[in-house]
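Provided below as structure tokens are two forms of one protein chain, presented individually as structure 1 and structure 2.
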Structure 1
Amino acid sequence: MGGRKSVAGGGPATLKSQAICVSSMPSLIDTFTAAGQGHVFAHLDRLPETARQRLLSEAAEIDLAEIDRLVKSLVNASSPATVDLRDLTPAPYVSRPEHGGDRSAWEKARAVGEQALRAGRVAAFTVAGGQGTRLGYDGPKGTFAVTPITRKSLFQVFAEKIRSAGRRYGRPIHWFIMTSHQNHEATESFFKENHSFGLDAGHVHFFRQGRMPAVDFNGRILLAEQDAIAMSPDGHGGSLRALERSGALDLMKSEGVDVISYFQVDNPLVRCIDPAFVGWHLLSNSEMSSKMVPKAYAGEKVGHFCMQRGRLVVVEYSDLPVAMQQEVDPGTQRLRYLAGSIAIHMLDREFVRRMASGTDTALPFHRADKKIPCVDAAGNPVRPAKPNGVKFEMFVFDALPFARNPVVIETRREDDFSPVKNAEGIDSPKTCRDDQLRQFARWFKAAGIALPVDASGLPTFALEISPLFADDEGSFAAAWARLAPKPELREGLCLA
């Protein structure tokens, strides 16, 4: 497990591996057999010693009681679990000043956030353990090139934003990156090869998330190979227990960090470190805070922030009836369920610990039916054409109902959200590149320079602004004013 960091003043600190204890072979096999999962070892006798050990060590990772519970509740249940939609109302949120929010309250929040950043209380946290199947890119998604001219990777964009914030607030910012078993080594190597993109390697911390076995529709654990269980990452919600198990929370504590700025690896527009968001989180005494954008249209495929019996919940678009998605508020004439979730959160460190350790605060698992390559009882490979099994995943937003004082604040989509999810179409490399270009053009415009743009605000030539040059409108105006001589505004302009 990745530990290449040292802690200022406290000597080297290494994040822990998830403990895997290989119990003695007969008792492990007996336990699996008693649980109806003995077929996992069907090919054991034919395997060479190293392969046997690997299979046994994977098996030892599995919590059979948990699998049994999930199979009973999610796989064998006579009718599929339905989402409780009773008593839902739209969740309140803090509006931006241009939508009626209190400007002085936003300014106060920003000042409070800046103070916390200057005190070194905030860490960045990226969940990068996903499989990225929709993008179809071979490699950790964070290594995918996204910027228009210099083709910086997602990880480099975040690194530069975090470096820039560290410089601004006079404190280097710790960055925690959650990987998966599949992409951990490749992620670490990428950072090593690129000298952590100018960050102090001692402030960049990698840890693997947990994984879960996939099962067939009868609840039997699937084998990916004769010597390997079909394991997959346990969802972004697995980040809470992985933060605890890896020792990341302890490291944060020893470094004086109590606010965790959570974002996904696929969104280069995200403000990794947003002082106003930190401030709203702290001023609200919130354990888990969220950013919302007003939905672009009724059927947009985002989660909806709702209240349910006094608790904040996110209801996925697939679970909210179309009629509710389309409901219009008679007062504002806007969608009633307007607040869309963009998976950007602020987490209180000790809230994460509580969520990770408590049984009554455990996140639920969700069922996803997938095509899972596997081997059959005779050990022959099966490449299914349709879903043949179930993966279990946790979602981070399921922690919201457990959080004290969860606050939701509005953000401008064009300043915080343009994910790369699909190879083509919406949320693709092309839409993300265009959104970056539009943002650069808006910054120029705010500084008094009108770049030639089309009706959608897209500049007619490609350019790039490094987060080290500027990371928002205000810092751009200041950096541009200092620049002498001014460069020519033309195709390929790079401000670094």
Structure 2
Amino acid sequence: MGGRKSVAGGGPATLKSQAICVSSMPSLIDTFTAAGQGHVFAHLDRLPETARQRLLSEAAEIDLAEIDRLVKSLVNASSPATVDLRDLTPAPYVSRPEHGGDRSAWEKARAVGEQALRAGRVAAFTVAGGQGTRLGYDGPKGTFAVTPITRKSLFQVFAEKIRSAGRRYGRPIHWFIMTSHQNHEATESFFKENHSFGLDAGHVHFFRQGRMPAVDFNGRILLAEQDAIAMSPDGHGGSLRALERSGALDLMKSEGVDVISYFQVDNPLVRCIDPAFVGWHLLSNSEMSSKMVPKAYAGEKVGHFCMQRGRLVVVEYSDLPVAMQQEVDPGTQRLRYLAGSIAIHMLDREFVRRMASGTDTALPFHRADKKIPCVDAAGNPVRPAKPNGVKFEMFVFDALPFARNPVVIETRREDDFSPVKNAEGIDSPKTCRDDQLRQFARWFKAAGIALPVDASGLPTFALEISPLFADDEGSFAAAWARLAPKPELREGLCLA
């Protein structure tokens, strides 16, 4: 199956499938039976052929030895796994110049990053397996419209940022997109229908995230239907295995890419290609680098960058005791555990390969007790009112303790982080739209053009700036200076 194939009609490139061919039905069933999981095929004889093949194909994806280890360590363990909070201290990070950081060091990092981009060493990588369910939207989250005026999708915003960077540095940038089994076809179709948003389709690569079966509290694999296993994505940490299994890492190597810019699909403000971040990663000889934002308040729901016995770790907000979250540094009077994780990383290609191989290092799985719709032994549907099983997932930040020379740099929240997660309230389409508008207003102000804004910096009328026109303050000032005549500053202004 190796390599990649072109989608008919000149569409985006698809990396090799991760599905495992079913070569021998009896041996597969025997293997499951020997592992105590033969009930998965209890209804096989009464299924039509297409349903039989579906069930067998799903079963062939499962690593039974891995499931056995996870059941023993996470499900049947005498005491539940707990997060190790011993010896934690706040992690150091590189401050931005306006917060005391070395401006010349930031300038050097940017120059090194730009050199790497001109050499074609950097690829973008978007984790995009989610659906828009929490937004009340039926479709892949990346197809959700987010911009204030033209209602561009998340995918289009990222595509234009990547196009802009490729144009600026004179090298097209490869973009790798991890989908899920649920949204893979819809995502590919969306790109094909939109002609990859002006990108060369040969530089846009799709592959599916891995899946794991859910088990009951006795470790037995659950069936979602008589002909379907209760499978779920293996978490954003599974992206490292998926990069390897799909052939993406081999493709990167053949194209001279050794730095991977990782970000999640729900954050349209993210700087997909940030030369200063690339530079800090390379200058530090880091295998995995991260961005942080200072926490807005003690209880903000972000992970915490910490040091633990000489290693960089991220401790989830739900795992760090409230008293520790509220600790204040007596010298600065700021939160002691200030560095919030926003799921933006740089990854060394061969580090990803090493983590994916699992030979000497591997991401740990985490247990999540869930209400999992399933069928009982007779094949009747069960819709549980309380958790009835366990899902297994990995977190990408769990790779940090294994990375050599990890570095954390500070970024400005207002220029890098405004996710769309909820239909209303915090991290909603409205808050994200307003944050985009505030960013545009700041760019105008930095260029010496005053827009009327309220006390929060929100413009009094809506406008929009495409990343193809500008993607930061400096590029906006230069692009605006070239405009002749200057457009009227008014409601609905779009600069593209």
Ligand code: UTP
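Throughout, residue numbering runs from 1 along the sequence of structure 1. These numbers were taken from a predicted model, which means no experiment stands behind them. We call the rigid core whatever largest set of C-alpha positions still superposes within 1.5 Å between the two forms.
The form predicted on its own is represented by structure 2; structure 1 is the other form. The Cα shift for residue 133 between structures 1 and 2, taken after rigid core superposition, is 2 angstroms or larger. Relative to the superposed core, residue 218 undergoes a Cα shift of 2 Å or more between structures 1 and 2. Superposition on the rigid core between structures 1 and 2 places the CA atom of residue 388 2 Å or more away from its counterpart.
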